[in-house]
Ligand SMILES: Nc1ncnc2c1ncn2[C@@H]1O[C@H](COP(=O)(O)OP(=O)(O)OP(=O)(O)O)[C@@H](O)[C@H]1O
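What follows is a single chain, given as structure tokens, in the form predicted on its own.
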Amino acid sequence: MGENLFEHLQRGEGLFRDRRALGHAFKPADLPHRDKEIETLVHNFADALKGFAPSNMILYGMPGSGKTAVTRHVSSQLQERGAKIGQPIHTIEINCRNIDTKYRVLAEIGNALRLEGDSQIPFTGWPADKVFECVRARMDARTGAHIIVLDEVDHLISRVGDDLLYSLTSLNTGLLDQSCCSIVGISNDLAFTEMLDPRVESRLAPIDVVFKPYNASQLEDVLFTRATTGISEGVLDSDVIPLCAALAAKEHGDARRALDLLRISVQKAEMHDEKMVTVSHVRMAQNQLEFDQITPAVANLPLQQKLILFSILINEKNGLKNISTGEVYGTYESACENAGEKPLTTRRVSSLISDLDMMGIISAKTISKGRQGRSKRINSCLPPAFDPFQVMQVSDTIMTDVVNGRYRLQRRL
């Protein structure tokens, strides 16, 4: 019988010391260059240790700017301190891209607060008011402060509205007797609160914290900290971490991108049975990630952003370059009709185009047209071999009707 397929991988030391240290879910003991943001959360959450409800918060920033990592770090320290002084603190984190309805979010909160003898809230089937009452009762039964972290909350609000936030913000208005509740929303959309009803925004009254993207020097510090824990000593060429940081800094300072580049670079070196990770391995990792990351980026776009991206791409496919916002909006209205969706305002569409630009999916350069004002020149930045229409249809069935619809497209002479 021949050698086991995995046997050769277990020989020798390997280049990784602890691969988990380069993963997105890893909780580092130190978060470089996020002292100010950590301090803001700490000062707010300190009220929970006194038995008061901390203010609600909205954390804004580009993907990979440390919002979730900082929240987890501070929440963990808060719970640890609460346990030490006998003040109950309960933190529940929900990713609203995966759990994206009011019912499911409330059910997730209620099930996380179960005590012995409590029944499981089913995936579906209960009236919404019964689920909410169950959440309220379990919060009071647990007592203390409840920190509800809604990661990617903008996705949930754009999909189903702000009823969930209205319900959660009502808990501290006399519904809870033995406990209190604070909401922490995490959003990639700086215009997130524009989607809220004024009454909900008033009740939420959040403290806003904006996370600036990391620059290349800061990303080097982040990578060095993780590499010390996760990668064997002496296997990284001196140019590897600076290159990973520089490449990620061009992608809007995304720390996740930098970590992925470093991790895959080490994997590439291991695959080739090499003892040193070099710049060539980083370039191989970069090529792999360009395709691996663009697919989920397009697939996970909210429906309205998919409709806007489709409107840009279908015009570009028809030969139009340097497309204006007005030309995009004309096609977008038809796409909304085919999707059965109400079109957003031109101002909101312009804002979402800027978001697509920040993500690197399109390029939208603002130019001056003299007395005619300012306009955008919009072009896609997707790789030629990438099929965005197929990705959008697979991820969102409504897009099939959009892609197969009929459009009156423009072509400049």
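A residue's number is simply how far along the shown sequence it sits, counting from 1. Only a predicted model underlies this, so the values are computations on that prediction, with no experimental measurement involved.
Note that the form predicted together with the ligand isn't included here; everything after this is about it.
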Legend entry - Position in contact with the ligand when the complex is considered in the model of the complex, options 136, 90, 226, 104, heavy atoms within 4.5 Å: 226
Inset, instruction - Could you spot which one of 361, 352, 69, 48 gets a heavy atom to within 4.5 Å of the ligand in the model of the complex? - result: 69
Inset, instruction - Determine whether any heavy atom of residue 268 comes within 4.5 Å of a heavy atom of the ligand in the model of the complex, and answer yes or no. - result: no
Legend entry - 4.5 Å heavy atom contact, residue 26 to the ligand in the model of the complex: yes
Inset, instruction - Could you confirm whether residue 283 comes within 4.5 Å of the ligand in the model of the complex, counting heavy atoms only? - result: no
Inset, instruction - Flag residue 212 as yes or no: does it have a non-hydrogen atom within 4.5 angstroms of any non-hydrogen atom of the ligand in the model of the complex? - result: no
Inset, instruction - From the candidate stretches 40-48, 379-387, 353-361, 56-64, select the single one in contact with the ligand in the model of the complex, where contact means a heavy atom within 4.5 Å. - result: 56-64
Inset, instruction - Determine the residues of 138-160 with a heavy atom within 4.5 Å of the ligand in the model of the complex and present them in sequence order; the list may be empty. - result: 152
